[in-house]
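In structure tokens, the next block holds one chain alone, the form predicted on its own.
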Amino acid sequence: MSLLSAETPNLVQLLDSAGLELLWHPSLSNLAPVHRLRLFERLAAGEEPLDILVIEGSILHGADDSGSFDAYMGRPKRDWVRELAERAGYVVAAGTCAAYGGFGHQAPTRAGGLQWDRTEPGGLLGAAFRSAAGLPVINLAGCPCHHDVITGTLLALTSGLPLPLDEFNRPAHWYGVMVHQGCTRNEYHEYRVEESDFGQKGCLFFHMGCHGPLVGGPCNKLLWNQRSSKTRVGVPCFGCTHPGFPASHPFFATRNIEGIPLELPMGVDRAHYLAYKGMAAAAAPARLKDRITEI
């Protein structure tokens, strides 16, 4: 659904401009089951080239490690994925679940990522896996992943452009910035003008659990519908681009000790934080303190 929202280029333009043939997609293709099975068999056998394999959704191993919780065409999905990945030029994990395991990690389904298990390398394919092009799985984190990240990644791969990856194998171009960067609430954050409810103007980090200063992601760099993001409409970022998502504690509450957040903004140590934030709150301009509530 995210990819269908792409505009520059849209999905059809992407396929045309990149010279891509969409072999199969569970929602966009209409191959009869027998032809679909035959396609998969040809790809797995190397009888037909597979340039890019894009996987959405976590890999379900099941309580007995049989993979039977998530079968496709009579076989565990993970077996299909492993065979196809061995043939693919590039392997792309679309979304945090495919990349790192996501919501089902602690459930009996034992969900995992393609090449990561939450914050640890491994996953279905193993830390040493490299595709035919010599790259690890390219993780496009997000719940969902922004469509411009998907289209940009596919265009980079098909055109031979370099695609540097960060420590979690995410494209650094989009995940090398914090969600906090570009947030329209930054000035409120700097002066610790805090909110404790949704839809307000001030900062949502101190009480409302916003992960904007904690995680890397393009959410305020690439806006949804070219106009919006969670924080722009008064909803805290819940850190969906991080391999540890979802956290085991409530989304919309900031864990703290005596008002000091347990998780501090990226790159900030506790001593400097305590000194700076106390002075910043005292120096907050009246125009910020006297903000008008937005509904």
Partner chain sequence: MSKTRRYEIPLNRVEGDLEVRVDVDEGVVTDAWSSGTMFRGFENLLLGRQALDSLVVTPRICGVCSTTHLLAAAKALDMVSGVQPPPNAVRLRNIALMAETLQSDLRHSVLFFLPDLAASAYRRHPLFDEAVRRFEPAKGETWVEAIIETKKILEIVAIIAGQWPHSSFIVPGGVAYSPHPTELLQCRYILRRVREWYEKRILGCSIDRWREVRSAAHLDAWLEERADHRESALGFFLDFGRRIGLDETGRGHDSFLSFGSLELPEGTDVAGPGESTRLIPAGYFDGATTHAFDQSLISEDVSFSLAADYETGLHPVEGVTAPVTGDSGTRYSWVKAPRYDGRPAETGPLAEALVGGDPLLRDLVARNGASTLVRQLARLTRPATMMPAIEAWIAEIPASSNGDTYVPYGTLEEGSGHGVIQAARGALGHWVTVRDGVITHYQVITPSAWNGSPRDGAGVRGPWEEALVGTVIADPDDPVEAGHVIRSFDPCLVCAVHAIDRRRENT
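In this text, all values refer to a predicted model and were calculated from it rather than measured experimentally. Positions refer to the first chain, counted from 1.
The same protein also exists as the form predicted together with its partner chain; that form is not shown, yet it is the one meant from here on.
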Within 4.5 angstroms, counting heavy atoms, which one of the listed stretches 103-111, 209-217, 154-162, 81-89 is next to its partner chain in the predicted bound form? 103-111
Heavy atom within 4.5 Å of its partner chain in the predicted bound form, from candidates A44, L264, L53, V235, belongs to V235
Residue contact check: F129 to its partner chain in the predicted bound form, 4.5 Å heavy atom: no
Answer with yes or no whether Y276 is in contact with its partner chain in the predicted bound form, where contact means some heavy atom within 4.5 Å. no
Does the 4.5 Å heavy atom contact test between R255 and its partner chain in the predicted bound form come out positive? no
Flag A172 as yes or no: does it have a non-hydrogen atom within 4.5 angstroms of any non-hydrogen atom of its partner chain in the predicted bound form? no
Quick check: do T119, V268 and A281 each get a heavy atom within 4.5 Å of its partner chain in the predicted bound form? no
Note that its partner chain is not shown here; using its position in the predicted bound form, name the residues of 201-238 with a heavy atom within 4.5 Å of it, in sequence order. W224, N225, Q226, R227, S228, S229, K230, R232, V233, G234, V235, F238
